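The chain below stands alone and is given as structure tokens, in the form predicted alone.
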Amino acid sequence: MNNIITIIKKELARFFGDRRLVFTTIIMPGLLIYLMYSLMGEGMMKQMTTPKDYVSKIYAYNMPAEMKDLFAPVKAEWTTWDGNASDKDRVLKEIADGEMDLLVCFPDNFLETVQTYQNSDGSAPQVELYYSSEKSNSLTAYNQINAMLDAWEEQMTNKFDVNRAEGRFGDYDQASETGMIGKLLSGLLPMLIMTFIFSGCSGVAPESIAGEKERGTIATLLVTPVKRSALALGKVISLSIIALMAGVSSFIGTILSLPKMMGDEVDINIVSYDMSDYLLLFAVIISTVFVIVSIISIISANSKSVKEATTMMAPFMIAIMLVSILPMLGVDVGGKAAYAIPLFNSVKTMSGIFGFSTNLPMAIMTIGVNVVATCVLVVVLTKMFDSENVMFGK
């Protein structure tokens, strides 16, 4: 046990003794993720949405006076256009350039034609809406006016309503806002967490093993009286601590940036998880870190340099990404049997926790399977440390 602690202290001292390494591995990922996601979210929201106090600029051609009341809820400045053909190109160019948002054209005698129209009479009178879908303000104005015209059209031939008012049993939509946000987070966060864990592990494990092989310092460790099993376990535990800290930094950065990334429409604060959920999530993450660090350590031990180890990790990274994205796609593969597969079980369990559908027995099974997998991988790493062919390339 003392030898394992000695190895852990050595690895942690080597890591924390390099301030630049600490900054780039632990502090910088969370900081960059927060800044990137926040700026990206704000930029996307500005491009896709219209400010609530924005007043649309709309041209109206031949609009009946009675229709003004229909469009009263829309915040807009209406400008009458006489439909002069020589002026058409100017009006359309203003819409394309974003100077105006919409042109609404009504046919002659619109209301009279609508009231007397029968389906057998041929083509129905048409209202034309000219807009620019690349301009968010123009698209918003189009959607508002189009929705009001559709609603008004339905009222003209209304025979019955669907969900027009409060139902006799309450709200029609039985989904809670908490449940909907939980579903969103259950697809997004497992992928992000697995990505952060892998990034943290891949940033420190190759340097600790493949790096020492490349520099030739691994030989000094191997000739000491420390058992190879203690050396392997000490490496795995110390690297897991560093990788976990890097993952936590990235996770905090993501959580802080989520409100800005999702926009003001989504209230993340209404999502409330129990302390048991956090403890279970923490246990799953720790067991996952151990598995990933063990696998990367084996890859590093089988590599002659950090560059080679990084290259060999690429297929493993792709596999983790594919597994992590399944909850976001709504794909449930394997059922309960999937909880017996390391890492895949972690994704399923984390998705259940974030989606308020935790299966406690399966979560415990996930942790147990990951612990057993780690023990097996540590034994494999120990055998690799015992092999001169592997450690010295003989």
Partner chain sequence: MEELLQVKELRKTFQLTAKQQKLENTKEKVKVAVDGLSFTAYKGEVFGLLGPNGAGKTTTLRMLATLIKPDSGDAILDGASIVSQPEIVRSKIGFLTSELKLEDFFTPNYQYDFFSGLYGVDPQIAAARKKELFERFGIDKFAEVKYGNLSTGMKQKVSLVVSLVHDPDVVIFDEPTNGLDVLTAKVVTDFLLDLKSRGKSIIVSTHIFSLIEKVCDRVGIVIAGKMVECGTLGEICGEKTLEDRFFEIYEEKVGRIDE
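Since the model is a prediction, treat every value here as computed from it, not as a measurement. Numbering follows the first chain given and starts at 1.
This next part talks about the form predicted together with the partner chain, which is not shown.
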query	finding
The partner chain contact at residue 222 in the model of the complex, heavy atom, 4.5 Å	yes
Residue 88, heavy atom within 4.5 angstroms of the partner chain in the model of the complex	no
Contact label in the model of the complex: residue 307 to the partner chain, heavy atom within 4.5 Å	no
is_contact(residue 217, the partner chain) in the model of the complex, heavy atom dist at most 4.5 Å	yes
Site check 82, 135 and 143: each within 4.5 Å of the partner chain in the model of the complex by heavy atom	no
Stretch from 311 to 319, 273 to 281, 227 to 235, 92 to 100 whose residues place a heavy atom within 4.5 Å of the partner chain in the model of the complex	227 to 235
Those residues of 3 to 25 which, in the model of the complex, come within 4.5 Å of the partner chain by heavy atom	3, 6, 7, 9, 10, 13, 14, 17, 18
